[in-house]
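In the form predicted alone, a lone chain appears below as structure tokens.
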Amino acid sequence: MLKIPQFEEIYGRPPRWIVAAPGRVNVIGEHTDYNDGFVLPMAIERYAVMAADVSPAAPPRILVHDSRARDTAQIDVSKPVTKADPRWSNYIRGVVAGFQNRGLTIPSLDISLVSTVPLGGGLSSSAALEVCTATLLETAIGTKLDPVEKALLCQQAEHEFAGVPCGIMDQFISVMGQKDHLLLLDCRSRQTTLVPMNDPSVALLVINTNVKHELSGGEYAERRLQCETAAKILGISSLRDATVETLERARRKMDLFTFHRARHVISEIERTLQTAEAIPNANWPAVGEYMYGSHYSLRDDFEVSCKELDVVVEICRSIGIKGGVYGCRMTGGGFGGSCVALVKAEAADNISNRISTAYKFATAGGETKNGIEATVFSSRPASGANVIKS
């Protein structure tokens, strides 16, 4: 779903450039990134899009109108850019600062922004915005960053300007995604491998539960510490180097929670590699079982699921392969957000309707009118950041 910003209506002239960058869904490989493991994301057909032109404004500044926020941000680029209001502009400011830190001169720009990446659904709307900004600046300045450098610049922007300690997956797939391919990312070496997924008989459904539970605080940090503790007990630098056998032998040396967290990570890394092997061979039943296995491990061992995510997965399981669903799992950090399901493409619309109806009924305690509306859409693996008009 590519929606072009209304630049001319806002600024009274046509844009010189139009660029886009996608959100993502992680097909499998959850909470493995900070354990030096593997992840398998794909770019989705939902994008942040910027239309822009140079401006005669002096001193140089960037003016950004966000149609979703119905707000405009002004960024003074005549001096080092810092954090400021409105808050959504900090994702852009962080990228601009990254370019300034590389000695690149930013011209005055008028920008119109629109995004179809859902907010708060775990689909990386922030990474899409960061990578879109970087792509526009590359185009306007006439320079091209190395793709890895570009992704890391955007990650740093999120760390320093948005205060979110994200991994590298979101920015990497938004920069490097290719149509009809997933991206197997080694989070230790940062090596990427394209995994072809060009079978037209299958599609991926993204099911946003439209629920995000407020947590008591520290759950992410706690799990990260438990993983680090397990690695230390095992005498290794990260759980990437552990096996189920070595973990079992050390079971009595760690508490039950630490053991379970480590078991999830070790098994999830294995499932991710198995999935990356099964997809090019179109072994969809096997891929589906790996997805279910991932969800149950996240639910039981890592304890980051919630009742709404579990409901979606069980609805998909009840539809089954005969009904067109191969597998389903929560995606993202957990405690709400979205699920991803592998389905038969010809049945995608029918499956979407069945999931929506059943989810609303289940979350209403049997009274449909009070249930939660899920947002469901289908996507093929999409292209990464690109220039639409230059």
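Predicted model only: the values in this text are computed from it and were never measured. All residue numbers are counted from 1 along the displayed sequence.
This protein has a second form, the form predicted in complex with alpha-D-galactopyranose (GLA), left out of what is shown; the following refers to that one.
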Hey, in the predicted bound form, is Gly332 touching alpha-D-galactopyranose (GLA), heavy atoms inside 4.5 Å? yes
Is there a heavy atom of Tyr326 lying 4.5 Å or less from a heavy atom of alpha-D-galactopyranose (GLA) in the predicted bound form? no
Any non-hydrogen atom of Gly320 within 4.5 angstroms of alpha-D-galactopyranose (GLA) in the predicted bound form: no
Looking at the partner-bound form in the predicted bound form, is Gly29 within 4.5 Å of alpha-D-galactopyranose (GLA) by any heavy atom? yes
Among Gly167, Pro86, Pro107, Gly120, just one has a heavy atom within 4.5 Å of alpha-D-galactopyranose (GLA) in the predicted bound form, namely Gly167
Of the residues Asp33, Asp53, Asp66, Glu45, which one places a heavy atom within 4.5 Å of alpha-D-galactopyranose (GLA) in the predicted bound form? Asp33
Where, among 192 to 200, 236 to 244, 167 to 175, 309 to 317, do residues come within 4.5 Å of alpha-D-galactopyranose (GLA) in the predicted bound form by heavy atom distance? 167 to 175
